[in-house]
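First, one chain by itself in C-alpha cells, the form predicted alone.
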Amino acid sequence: MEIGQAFTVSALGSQFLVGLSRAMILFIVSAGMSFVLGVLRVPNVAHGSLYMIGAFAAFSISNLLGGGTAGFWLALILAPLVVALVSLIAERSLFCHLYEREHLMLLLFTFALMLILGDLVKMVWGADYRSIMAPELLQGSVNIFDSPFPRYNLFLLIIGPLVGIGLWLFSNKTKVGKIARAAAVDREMVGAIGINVSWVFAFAFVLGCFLAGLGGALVSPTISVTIGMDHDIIIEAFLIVTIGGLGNMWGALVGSLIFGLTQAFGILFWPQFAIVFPYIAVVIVLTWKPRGMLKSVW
C-alpha cells in the first residue's frame, strides 16, 4: 500500500474496525484469564491450550453435524462446554490441591499442563491444518468506510461487548459472582460462614476456561486451526492482563484494544514490522503505569 493511500479516511476507518474485531477475540480470551487471576490468583499458562482445544472441538463438532449453519452454531455452543468439562476435571483433580502454593510453582505447573494438553491435542487431531466455514449469514462482506468489511468480523464486534457485559453482570449482580469476589479477598472468612469455597473456586476456574474455549471456537472461521496456535495467544493474553491490571476485567478490555488496534495500524503503516507495534505499546504502558492501566486486584 502506498503512503498516500495509507492515510485516507477510508483505509484508517477500515483498519480501525479490523483492529477492533481482533481485539474482541483477545478480550474474550484475556477476560477469562483475568477472571481466574482475580479470583484464584492462578497464572494459568495452560489457558492458551484450552483456547486451542476450543478451536479443534468446534471443528470436530461442526464436521460431525455435517457443517453448514446448524453445525456452526452448535459447535459455537458445545465447543466451550467441552473445554469447560476438561477444565473441571483438571481443577478437581489437580488445581484444587495447589491454590495455597507459591505463584512460581503454579506457573511451572500450568506450563507443564500446557505441554501435556498440546501433546494430547496432537494425538487426537493430528498436526494437519483444519478450517471451519462460517455460516452463510456471516459470509461475504459489507461496505463500511467505502471498503469491504467481513460480516463475520461485524459479528465479533457484537459478541465481544455481550461477553463483557455478561461477565460483569455475573460478577456484580449474581450471588455466586459476589461470593467469588469475596473469596478472592478473604477465602477463610467466606469459608467460616458455611460456604464451600472449593466449589466456588472450581466454578470460577471453569468459567474462565469456558471463555478461552469460546474464543477458540469464535476464531476458528478466521484462521487455520492447527497445533501451536496456543503459543501466540497465551503470550498476548498475559501481556494484555498485565498492562490492563492483573485480575481487572475492564483492564483486559483496555489491554485488548491497545493490542488489537496497534497491530492493525502497524499492518497499515509499516507491515514489515507490524508485529512489533503491540509490544512497543506494552513497553510504553508499563513504563508509564507499571501496575497496569486500571487497578490491579492483587
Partner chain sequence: MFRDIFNLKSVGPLVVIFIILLILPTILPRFYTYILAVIFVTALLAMSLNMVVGHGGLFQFHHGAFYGVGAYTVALMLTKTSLPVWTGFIAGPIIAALTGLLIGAFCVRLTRLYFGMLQISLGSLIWAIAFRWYSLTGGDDGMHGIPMPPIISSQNSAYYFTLIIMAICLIIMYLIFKSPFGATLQAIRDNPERCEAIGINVRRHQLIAIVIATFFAGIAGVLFVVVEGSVFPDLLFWVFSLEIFIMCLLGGWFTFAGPVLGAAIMISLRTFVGIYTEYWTLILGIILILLIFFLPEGVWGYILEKFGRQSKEAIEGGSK
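This structure is a prediction, so every number in the text was calculated from the model and none was measured. Positions refer to the first chain, counted from 1.
This protein has a second form, the form predicted together with the partner chain, left out of what is shown; the following refers to that one.
Between the options E136, D119, D186, E100, which residue brings a heavy atom to within 4.5 Å of the partner chain in the predicted bound form? Of the listed residues, the single hit is D119.
Looking at F111, F203, W73, W168, which has any heavy atom no more than 4.5 Å from the partner chain in the predicted bound form? The residue in contact is F111.
Decide whether L94 counts as a contact residue for the partner chain in the predicted bound form under a heavy atom distance cut-off of 4.5 Å. L94: yes, in contact with the partner chain in the predicted bound form.
Close approach of I235 to the partner chain in the predicted bound form, 4.5 Å, heavy atom: Heavy-atom contact with the partner chain at 4.5 Å: present for I235.
Hey, in the predicted bound form, does V9 get a heavy atom within 4.5 angstroms of the partner chain? No, V9 sits far enough from the partner chain in the predicted bound form that none of its heavy atoms falls within 4.5 Å.
Considering non-hydrogen atoms and a 4.5 Å limit, does the partner chain approach L115 in the predicted bound form? Although the partner chain is absent here, L115 would touch it in the predicted bound form, with heavy atoms inside 4.5 Å.
In the predicted bound form, does each residue in the set L37, T242 and P290 place a non-hydrogen atom within 4.5 angstroms of the partner chain? Every listed residue reaches the partner chain in the predicted bound form, so yes.
Residue stretch of 190-198, 102-110, 209-217, 147-155 approaching the partner chain in the predicted bound form, non-hydrogen atom distance within 4.5 Å: The contacting stretch is 102-110.
Going by the partner chain in the predicted bound form, which residues of 262-293 come within 4.5 Å of it through any heavy atom? Heavy-atom contacts within 4.5 Å come from Q272, F273, I275, V276, Y279, I280, V282, V283, L286, T287, P290, R291, G292.
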